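A single chain comes next, written as structure tokens; it is the form predicted alone.
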């Protein structure tokens, strides 16, 4: 094989693996979006800021407190889940059945979270040290160990989330409320409590995504916007409330952005990805793997 072809193949594999790492982060962020939007019918425009909260929690735990990254990830989940629970109790619950007002309220919350973070940490970007150093060499292709960890961790969390919602008592109650809230309440299920726990869990997943992104992305008060857009695109393309569709959608968005960005530039890649998403929505408005509702 000619040398140029070898380099081209190596570059393609490197872009493919980089896209897989991006897809893992998008999947983790989109899981929270799917749970909140797909199961609760709530469009949370503060989802990106909850990812930012998770990233700053990781920064505080590792760089300020000097603790291990292994502590930072669950801490990010807990802090973001607590913020999400407060949002649901104080705002979302009061606006049940009013989607326009809910969107406006969550947008206001996103602005508040941005500005509060800006006041506490400042507008300058912060950085989190990569917790797993080193690379895995496969020929000419070099794969950071942290990327492998991110992919495996996202896959494990996704599988755990599916098992939680399919096999546990809590998951069965969530699905019962999703299918028929009135009947579930008649059977003695506390729908308000389940809503709070579900919303908090989705926000916790977003915070966990932020913690994993912190070592490879700069941490700033305004970092959540791109993740919000990616989460929405993934949810819409895959199909609201479809976990398999979310996985496929995150893979499509992450790989398309990485591969197109490698052959052109990031701006052009974003334009092409958006055009691809528009085409999918045009012909499959319910998503590629829409879940049938009873």
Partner chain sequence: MKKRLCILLTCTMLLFGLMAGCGGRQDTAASKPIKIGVLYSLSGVTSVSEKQLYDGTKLAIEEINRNGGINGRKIETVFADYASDPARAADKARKLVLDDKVTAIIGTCSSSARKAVKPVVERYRSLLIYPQSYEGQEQSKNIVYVGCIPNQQAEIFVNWLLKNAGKKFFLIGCDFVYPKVENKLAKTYLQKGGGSVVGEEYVPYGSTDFSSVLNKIKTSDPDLIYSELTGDSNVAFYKQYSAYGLKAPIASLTTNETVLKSIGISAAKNSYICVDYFKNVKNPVNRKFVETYAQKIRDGTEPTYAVMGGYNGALFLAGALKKAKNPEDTQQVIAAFRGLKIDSPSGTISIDGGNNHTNLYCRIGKVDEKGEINVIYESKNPIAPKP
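Positions refer to the first chain, counted from 1. Keep in mind the model is a prediction, meaning the values are calculated, not measured.
As for the form predicted together with the partner chain, it is not shown, yet the points below apply to it.
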query: Can you pick the stretch from 76-84, 201-209, 143-151, 156-164 whose heavy atoms fall within 4.5 Å of the partner chain in the predicted bound form?
result: 143-151
message: So in the predicted bound form, is the partner chain close enough to residue 247 to count as touching (4.5 Å, heavy atoms)?
response: no
- request: Indicate whether the partner chain has at least one heavy atom within 4.5 Å of a heavy atom of residue 68 in the predicted bound form.
  value: no
- prompt: residue 216: heavy atom within 4.5 Å of the partner chain in the predicted bound form?
  reply: yes
query: Does at least one non-hydrogen atom of residue 220 fall within 4.5 angstroms of the partner chain in the predicted bound form?
result: yes
- prompt: in the predicted bound form, do 22, 126 and 264 all reach within 4.5 Å of the partner chain through at least one heavy atom apiece?
  reply: yes
- request: Counting only non-hydrogen atoms and a 4.5 Å cut-off, give the residues of 14-29 close to the partner chain in the predicted bound form.
  value: 14, 15, 18, 22
